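Okay, so here's just one chain, in structure tokens, the form predicted alone.
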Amino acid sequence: MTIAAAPTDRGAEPASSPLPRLAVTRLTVTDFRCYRRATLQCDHRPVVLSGPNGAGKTNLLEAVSFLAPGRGLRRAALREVTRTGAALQAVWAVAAHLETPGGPVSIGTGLDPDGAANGSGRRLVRIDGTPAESQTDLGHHVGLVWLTPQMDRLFIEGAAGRRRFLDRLVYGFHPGHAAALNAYEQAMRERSRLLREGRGDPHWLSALEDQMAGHAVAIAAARRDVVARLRAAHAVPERQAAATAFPRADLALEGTVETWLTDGPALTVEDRLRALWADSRRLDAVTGGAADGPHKTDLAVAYGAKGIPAAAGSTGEQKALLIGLVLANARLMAAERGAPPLLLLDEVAAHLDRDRRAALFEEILGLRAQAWMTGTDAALFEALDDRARWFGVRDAEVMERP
């Protein structure tokens, strides 16, 4: 179904107002999750999607998440995204028109039909109608961060989720970070396969470890850079309401490569990594992976005002710290890239009190960020009034709401 823009939009900002420079103005999904086809016309305002559980709200956020590099908001296998009950040859697709700091951009992405047929599950990307060399190209146009209910446990579960969260922030400042991560992991998997099969030719293993070392240093350097920027941005919030509602988080990286980069130059760190992996081949053949590297780094987060680990805070405090980090990242991107990232906030308001909801909305509006927010209760977003674009979602049907 198509949701058309109203002829006049009293909530839109006047032409003389400075508008945000990153926003989805049209989103179309085809054979995507529960949707046969749906189109939303938007403007630069935040987007509110309200409706019952299971209606398809989060599916629309997931569609937007595929406008950036990576596996999307749910980290689903690409074949799983195609609508259940779709035609045998059907594949999912997402198309969007965006306003960006560099001007209008059209992005199309979806499952490769040829890959779907043979089970390989490759994702295709087109930018302004031209095939992209890789998903990394998306990072040059779109910065994007999300929060989901599953991330409420980010500080108390394993390091992998915190690494993914950090890397998503890094993509906004280092678009090549995704490619470096993919190349590192691919080389590590190939090394693991050779070791497991007992076919580890020393020269070939050394070549793979050399590739891993170069990518590992690039990955760690990018993470260190963004954590340092976030510490500075988060320490002095620009808006007092946000500073009060969402407390400062102290950040640190816990990882061998990051520590070594503090102590010495990159080339020395690469040499140390190659020596480490050469010495651990026998153990890695049994355990898989590699003994150490950026795949084991953790993001340590503490509640600054209380001087305690984030994991020791209450559920509400952890949520506030997480939102504060996302807002600090958005402020930093707005200052350095000319526009804040797109924010995908799934059920973000459900467990915030009235004051924190108000502070969150004011921060989003003050940043001129386009936030896509979902909730079962539209009343939680009433403070936004006509400063947001409202849609109701029910049974995979999308309706514009006044």
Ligand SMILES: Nc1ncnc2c1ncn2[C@@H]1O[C@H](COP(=O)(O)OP(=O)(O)O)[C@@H](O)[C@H]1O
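We number the residues from 1 along the sequence you see. Values in this document were obtained by computation on a predicted structure and should not be read as measured data.
Not on display, but discussed next: the form predicted in complex with the ligand.
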- Could you confirm whether R357 comes within 4.5 Å of the ligand in the predicted bound form, counting heavy atoms only? no
- in the predicted bound form, does N59 have a heavy atom within 4.5 Å of the ligand? yes
- Item | R33: touches the ligand in the predicted bound form, heavy atom cutoff 4.5 angstroms | yes
- Check whether R74 has any heavy atom within 4.5 Å of a heavy atom of the ligand in the predicted bound form, and answer yes or no. yes
- Heavy atoms within 4.5 Å of the ligand in the predicted bound form: which of the stretches 288-296, 102-110, 82-90, 257-265 has them? 82-90
- Message: So the ligand isn't shown here. In the predicted bound form, which residue out of A55, A339, A38, L352 has a non-hydrogen atom within 4.5 Å of it?
- Response: A55
